[in-house]
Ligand code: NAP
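In C-alpha cells, one chain follows: the form predicted alone.
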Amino acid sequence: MKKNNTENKKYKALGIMGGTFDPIHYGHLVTAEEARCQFNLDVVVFVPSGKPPHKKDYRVSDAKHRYLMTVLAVVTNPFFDVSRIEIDREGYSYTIDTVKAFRKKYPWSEIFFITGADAILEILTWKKVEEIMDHCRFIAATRPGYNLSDLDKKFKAILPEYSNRVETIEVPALAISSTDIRRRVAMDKSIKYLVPEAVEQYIWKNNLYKS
C-alpha cells in the first residue's frame, strides 16, 4: 500500500488534486502530471472527497472504495500521493477546510489546487471563495479548444483582484469522464484503457456501479 510520502517534508510548490474519484481515471492522472510538469510541483496530493456537498444528484460510492482506487492508480508515480483528510473529516467536505489544513501543515509551500474548468466556473458558489483564493492558486484543466471566455469574464467582473490566481492547462485526456465510466460498467461495457488496470480490476471485483 502506498505510504503518505508528504509527511514531514518541505516543498516549494505543492499541488492538491481534489475530486470524488468515483472512479479515478486516466483523465485525472494526466491532468495531475501535466500540472506537475508545467508548474514545477514537487508533489501532487490526491484528496478523495468525504461527503461532497455538490454531489447530491447521485449516490457517491463508499469513501473506502474511492480511496483505495485512488491509491491503486497513483502508486507507481513517486510524485503522487493520496490524503485521507476529507474522508476522515466528519460532515461535508469543503475546499476551504482542506486548503487551510494544507496551508497550516505546509506554511512554506506555494499551494496549487488542481481542478476542471467546469468546477472553476462554479467557484463563486463555493464556501468562503475569497479566503480560498488567499491560501492557494488554482489550475483549471480544460480540453483543447475549450472556450475560456466565461471563466475570464466571471472573475474579472466579480473577483477582479483574484483573476491572476487562476492558471489554465489543456489536457486532451479530459474527454474521459467518471460519469461515462460508471454508465459503461452498469451496461457491462469495457472500460479498459479508460482507467488503470488495477482500478479496472478493483471495480469488477467489488461489483461497483452495477445499480
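The structure presented is a predicted model; accordingly, all values stated were derived computationally and were not measured. Take the two forms, superpose them, and find the largest set of C-alpha atoms that agree within 1.5 Å; that set is the rigid core. Each residue number is its position in the shown sequence, starting from 1.
There is also a form predicted together with the ligand; it is not shown, and the following applies to it.
Colleague: Can you check 147-155, 24-32, 37-45, 160-168 and let me know which stretch has heavy atoms within 4.5 Å of the ligand in the predicted complex?
Modeller: Comparing against the ligand in the predicted complex, the contact stretch is 24-32.
Colleague: Counting non-hydrogen atoms within 4.5 angstroms of the ligand in the predicted complex, say which of R184, R143, K64, R59 makes the cut.
Modeller: In short, R143.
Colleague: Just checking whether L72 would be counted as a contact of the ligand in the predicted complex - the rule being heavy atoms within 4.5 angstroms.
Modeller: Close contact is absent here: in the predicted complex, L72 is far from the ligand, nothing within 4.5 Å, heavy atoms only.
Colleague: Does the 4.5 Å heavy atom contact test between K105 and the ligand in the predicted complex come out positive?
Modeller: Contact with the ligand, no.
Colleague: Answer yes if any heavy atom of C136 is within 4.5 Å of a heavy atom of the ligand in the predicted complex; otherwise answer no.
Modeller: Contact check for C136: no, nothing within 4.5 Å of the ligand in the predicted complex.
Colleague: Wondering, does D81 line up within 4.5 Å of the ligand in the predicted complex on heavy atoms?
Modeller: It does not: once the ligand is placed as it appears in the predicted complex, D81 has no heavy atom within 4.5 Å of it.
Colleague: Pull the contact list for 71-86: residues with a heavy atom within 4.5 Å of the ligand in the predicted complex, in sequence order.
Modeller: Residue within 4.5 Å: E86, and no other.
Colleague: Given a core-based superposition, decide whether the C-alpha of P144 shifts by 2 Å or more between the shown form and the other one.
Modeller: Passes the 2 Å threshold, so yes.
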